[in-house]
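Next comes just one chain, in structure tokens: the form predicted on its own.
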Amino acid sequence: MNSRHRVEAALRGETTDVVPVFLRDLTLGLDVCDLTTPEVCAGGPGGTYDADKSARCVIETQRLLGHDCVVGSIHDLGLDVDALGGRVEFPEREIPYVVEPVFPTAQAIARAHLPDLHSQGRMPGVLRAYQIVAKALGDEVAIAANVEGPVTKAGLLRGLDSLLSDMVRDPAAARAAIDFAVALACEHVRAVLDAGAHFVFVAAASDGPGIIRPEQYLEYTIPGLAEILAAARERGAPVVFHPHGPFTQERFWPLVEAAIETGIAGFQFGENNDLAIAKQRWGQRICILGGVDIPEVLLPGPPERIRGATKSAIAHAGKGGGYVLMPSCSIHRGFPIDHLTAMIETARQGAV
């Protein structure tokens, strides 16, 4: 069973020879190839996202670490921002970040038009990177389309604080921003799947109860997630959902149920969740994804502690299949490579 088949089987709830590993590396490959952030990611006036270097980062990182699934390009949270008139900063050896949102006022939302992902901004380079990675790795390794969730993407375009304020003071503006974000996310889904990705990973850091109230999650996130799933189904691709929040606490179980009802194939549980509860409650219905806590274990280490946490995660969630081992969130440049090696090597030691 090769890596791609291992991940696809797990997403179907099946047992695999060993537990598959998905790092969700978004920028770590820049370190592996010793490249600066601007020379790969910078777009906008006078700059171009470098598809060849981006793809090389993904490919060389996978060959170094041997994980089963990759995101098909170096990814940052501002990929749409510059194409729509906002501004992204590209620190030399750090992660890009949004400095000027697309929608500084509520009125700006009404004037916005979806960009052409094949000709505007940095997305043409991102799509080309996916194509290169798919050609090099796609028969052997699973490729994920990393797409932001409804509130998460809207928060990047509007500014998260402004969006949260809109939800209270101007619900029509919040709805307009989220509707635009979902339409844009659906365009991403179609384009990146066409470029060679095998499934969709909805990265939704701002779509959980750590940021929004449960009623807002049900009002904004779940309908938006359903639209993203519909776009993925057009291409026959499964969807994994990763909102942030303590979802294994009983009071938040209905939020997981609502996500499952949309038809997701898997749910990644981040920090402050109990994988044993997740596996027991939902493991017969969806793939469970998650594992080693980044801030508490995977980042500080040491490797022996990481090995223990990896074994514990697999023991709690791996039995019977339908499980993908992941760090609790995404991995970025500056991360200790030997810590990731400890996690992957431990997962490779055998089936549960």
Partner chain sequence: MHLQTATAQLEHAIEAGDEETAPKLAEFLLDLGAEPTHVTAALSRAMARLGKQFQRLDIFVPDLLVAADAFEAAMHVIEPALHACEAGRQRKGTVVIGVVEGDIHTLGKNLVRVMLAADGFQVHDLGRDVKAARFAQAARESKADIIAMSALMTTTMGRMKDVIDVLVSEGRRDNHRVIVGGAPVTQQFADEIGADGCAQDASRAVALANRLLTSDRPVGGET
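Residue numbers count along the first chain shown, from 1. All of these numbers come straight from a predicted model, not from anything done at the bench.
The following text describes the form predicted together with the partner chain, which does not appear among the structures shown.
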- Query: So which stretch, 259-267, 111-119, 127-135, 93-101, is the one near the partner chain in the predicted bound form (non-hydrogen atoms, 4.5 Å)?
  - Reply: 93-101
- Hey, in the predicted bound form, is residue 339 touching the partner chain, heavy atoms inside 4.5 Å? no
- Item | the partner chain contact at residue 123 in the predicted bound form, heavy atom, 4.5 Å | no
- Message: Considering non-hydrogen atoms and a 4.5 Å limit, does the partner chain approach residue 141 in the predicted bound form?
- Response: no
- Item | 4.5 Å heavy atom contact, residue 228 to the partner chain in the predicted bound form | no
- Report the residue, out of 238, 214, 196, 86, that has at least one non-hydrogen atom within 4.5 angstroms of the partner chain in the predicted bound form. 214
- Message: Which residue, 42, 26, 32, 299, is the contact with the partner chain in the predicted bound form, using a 4.5 Å heavy atom cutoff?
- Response: 299
- Would you give me the residues of 245-272 that have any heavy atom within 4.5 Å of the partner chain in the predicted bound form, in order from first to last? 246, 251, 252
